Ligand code: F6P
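Below you'll find only one chain, the form predicted on its own, shown as structure tokens.
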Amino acid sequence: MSLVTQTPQWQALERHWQQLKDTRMGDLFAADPQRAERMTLSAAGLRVDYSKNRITQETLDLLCDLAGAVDLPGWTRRMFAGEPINNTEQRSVLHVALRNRSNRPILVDGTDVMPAVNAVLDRMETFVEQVRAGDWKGYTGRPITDVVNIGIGGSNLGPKMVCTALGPYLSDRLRVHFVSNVDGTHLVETVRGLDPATTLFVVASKTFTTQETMTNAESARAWALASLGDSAAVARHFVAVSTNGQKVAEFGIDTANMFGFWDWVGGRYSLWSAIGLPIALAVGFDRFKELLEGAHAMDEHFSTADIRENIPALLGLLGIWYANFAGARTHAVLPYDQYLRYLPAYLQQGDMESNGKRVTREGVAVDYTTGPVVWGEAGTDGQHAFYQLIHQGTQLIPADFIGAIHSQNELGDHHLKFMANYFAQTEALMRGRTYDEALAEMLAAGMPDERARFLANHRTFPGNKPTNSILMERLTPYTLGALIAMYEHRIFTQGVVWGVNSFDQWGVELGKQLAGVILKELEAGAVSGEHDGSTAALLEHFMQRRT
């Protein structure tokens, strides 16, 4: 099968970049007073202005032609229809079914999955209401005050990010905590100060064999039983999000308190499933449903809108434009909302684990860039950390700026000052500042001519740096759901264009396998396997210092 680089559409884009690469965005705005209006779209409570990009209408036409050539609409239909588009694992990809608020039938192997999805949601709702009302009692008869989620990867990042993002909606009575790192410090510091008699652990592992998660779960059980004494207490202080009933029961958890999901739910797309149980506990089930509704609204937009008016598809194609034609290697996500501070880390996994691939679905090595490095930081903290590189560094770094018109905490003029920076940064990145402008500014301020001429180069900004501006009225469960789904479909769009399977993650396996071998050596206190010289020497040093 030929690679996408061999298509006429790809080659047309290569020629187009050579023609456009020196074009200034400021000139494009001057030539088209309606540019911002034409390049702004709204859906599911989000307004996306993509006009500050190094593109013309011809660019958009060529990118949409490329999307047509790789059959993006067809792949979208196949995903929503439940076809096994995860070809290496022969699975459907149906996180969209988890938030299918229309309840339209979605078939997997001829069976509608929606009754099972709804049944799990109903069980979650009952359990959440019991815990939040204080009706679920711990072993000693006291209500639960703290929930500790134990998981890793998507079983941690998604719920943690959402619970932080929805801080204004958190319960006053029920606190939710997260443990993921197998470093014992994470668990020890998390449970410090908690009362085992009022603490509930949610152990999230599909197989209930994930090494990091189960190591933490075993230590959490030991911590709880050291105080509660009776192993029967486990059933009142631990619940599971898993599909392995036997392992759950062996751990001591009542399988009536096991919340299942399906093999067509990928870990980094799982917060919409029972993996979202800590979210529902933290904000209440009604808010959790609002999160699903926002995501569903974006799903409807993505699956029905024409590519030229499709927010996730266009954002994905713009990412292709910069990664494959302009030479960008990273993508910055810059939320101007403190509650969204974990969003960049969440999207790191979502994007880099999905599209960090070196072969196509058919196993053919690619000859083009896939999966950018995704990174970022919240608000003005980022401005005082790494914006220098974006403004004046030698790398091209496309960036998404995310903000809200209304803050959840309107304190004096804080939000106006905050958002003034949001708007100013995208304008500054586009406009830049010329040598002559920098010189004139310093001379006007009274700086001596020689000093001003010396500093002018240092104070010159090249500008022409691309950004997308994403605005919402307020960060709510609904708009958060839409925002996350928008990025999910952006990632999907890029995976389709690159021809990779965005829904497996074989790259995490080798390190796990080798860690299992090395762990046995560390436990035995001797190096017995074949290792490279560096690893063998490091192991010897480590073990010598452990004795």
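Numbering starts at 1 and runs along the sequence shown. Worth saying up front: this structure is predicted, and the values here are computed from it rather than measured.
Not on display, but discussed next: the form predicted in complex with 6-O-phosphono-beta-D-fructofuranose.
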Answer with open or blocked: the shown chain lacks the ligand, so superimpose 6-O-phosphono-beta-D-fructofuranose from its arrangement in the predicted complex and check for 3 or more ligand atoms within 2.4 Å of backbone or C-beta atoms. open
Even though the partner isn't displayed, in the predicted complex is R268 close enough to 6-O-phosphono-beta-D-fructofuranose, meaning a heavy atom within 4.5 Å? yes
Would E353 sit within 4.5 Å of 6-O-phosphono-beta-D-fructofuranose in the predicted complex, counting heavy atoms only? yes
Is G154 close to 6-O-phosphono-beta-D-fructofuranose in the predicted complex, meaning a heavy atom pair under 4.5 Å apart or at it? yes
So, K160 and 6-O-phosphono-beta-D-fructofuranose: in the predicted complex, are they within 4.5 Å at any heavy atom pair? no
Tell me the stretch among 66-74, 489-497, 504-512, 39-47 that has any heavy atom within 4.5 angstroms of 6-O-phosphono-beta-D-fructofuranose in the predicted complex. 504-512
Proximity to 6-O-phosphono-beta-D-fructofuranose in the predicted complex, single hit among R221, H95, K206, H296 (heavy atom within 4.5 Å): K206
By the heavy atom within 4.5 Å rule, which residue out of N181, Q349, T255, N464 makes contact with 6-O-phosphono-beta-D-fructofuranose in the predicted complex? Q349
